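What follows is a single chain, given as structure tokens, in the form predicted alone.
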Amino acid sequence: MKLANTLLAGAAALAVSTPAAMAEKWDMPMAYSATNFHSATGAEFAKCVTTGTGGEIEIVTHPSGSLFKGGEIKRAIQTGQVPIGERLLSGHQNENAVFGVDSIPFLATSFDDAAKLWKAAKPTMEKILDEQNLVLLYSVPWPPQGLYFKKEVNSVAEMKGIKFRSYNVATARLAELTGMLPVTIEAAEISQAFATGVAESMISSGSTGYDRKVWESLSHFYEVDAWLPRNYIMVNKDAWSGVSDGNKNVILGCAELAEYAGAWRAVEYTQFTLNGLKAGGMTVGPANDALVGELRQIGETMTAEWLEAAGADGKAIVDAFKAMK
């Protein structure tokens, strides 16, 4: 964590700028809690930009969905309600299947593979976002996704009828194929949803469960490393066009460091949060071979469906990714 903070703070300190005659405030909505590593990285990025531009652009982060809920953030940026924000990449797979490239089950199951997949997908992603009046700044992965339950589960058959928190197209489809009941719940609402029985299960990282203290309601976390979803930070293209070249360079430099620091945090945070779940009283460990085998079969179905929906762009991304392995 110290390395990540030092990198971002150093970038701000090294930036050369004069005091601002007119400061421009950029509100930056974020869906996750202030203590989440994505939010921490975003806060350091904001400080880096604010200091690096000499206060000409002051970025103020608003975590926990306090300004806009997760599902509202991207639209708010597109329409200019806010100039910048962070969103889960796959949260808008319903707009374009390519947004769900990071949630293809068992395609990229490690940090190294997730980085390669992002490299393959990034040019297409930038093109799609440009057409939506958005500019991509940086992206950070989550730790590998595992399954949370309030009871021991050893087969897909045992999942039938369980109320399952979904957060994108892929998780809703996973629920359908396993016989669970998908319930759409934003990250900020997770703790309450489990405490009240609105949801009984989810697929997410150890980070999400740790941040939300889900051991107060759930008992088991199964490491299945299904995929590594990503968050991304984007800026309104009209707002971006009004930024001076010098300040654009500062923002892009801070973004590059944030992406590096965020990825480093994700790796370091993985085992830390799994240990935290154990300390909270949860049973944490790999799913059994039979369950993993059943989930991989479901993953094959979902992969075929995604490739069909994503068309030529999707095939090109997956082909490019496989060529890197």
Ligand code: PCA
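Note that residue numbering follows the sequence shown and begins at 1. Given the structure is predicted, the values throughout are model-derived calculations rather than measurements.
Below: the form predicted together with pyroglutamic acid (PCA), not depicted.
Fill in: Partner-proximal stretch of 105-113, 235-243, 75-83, 198-206 relative to pyroglutamic acid (PCA) in the predicted bound form, 4.5 angstroms, heavy atom
Among the candidates, contact is made by 198-206.
Practice prompt. Tell me, out of F194, W118, W142, F221, which residue has a non-hydrogen atom within 4.5 angstroms of pyroglutamic acid (PCA) in the predicted bound form.
Written response: Contact check passes for W142.
Worksheet item: Considering Y210, Y138, F99, Y167, which brings a non-hydrogen atom within 4.5 Å of pyroglutamic acid (PCA) in the predicted bound form?
Response: In short, Y167.
Item to complete: Run the contact test on Y32, L88 and P229 with a 4.5 Å heavy atom cut-off to pyroglutamic acid (PCA) in the predicted bound form and return yes or no.
Response: Affirmative, all three are within 4.5 Å.
Worksheet item: For A187, is any heavy atom within 4.5 Å of pyroglutamic acid (PCA) in the predicted bound form, or not?
Response: The answer is yes: A187 has a heavy atom within 4.5 Å of pyroglutamic acid (PCA).
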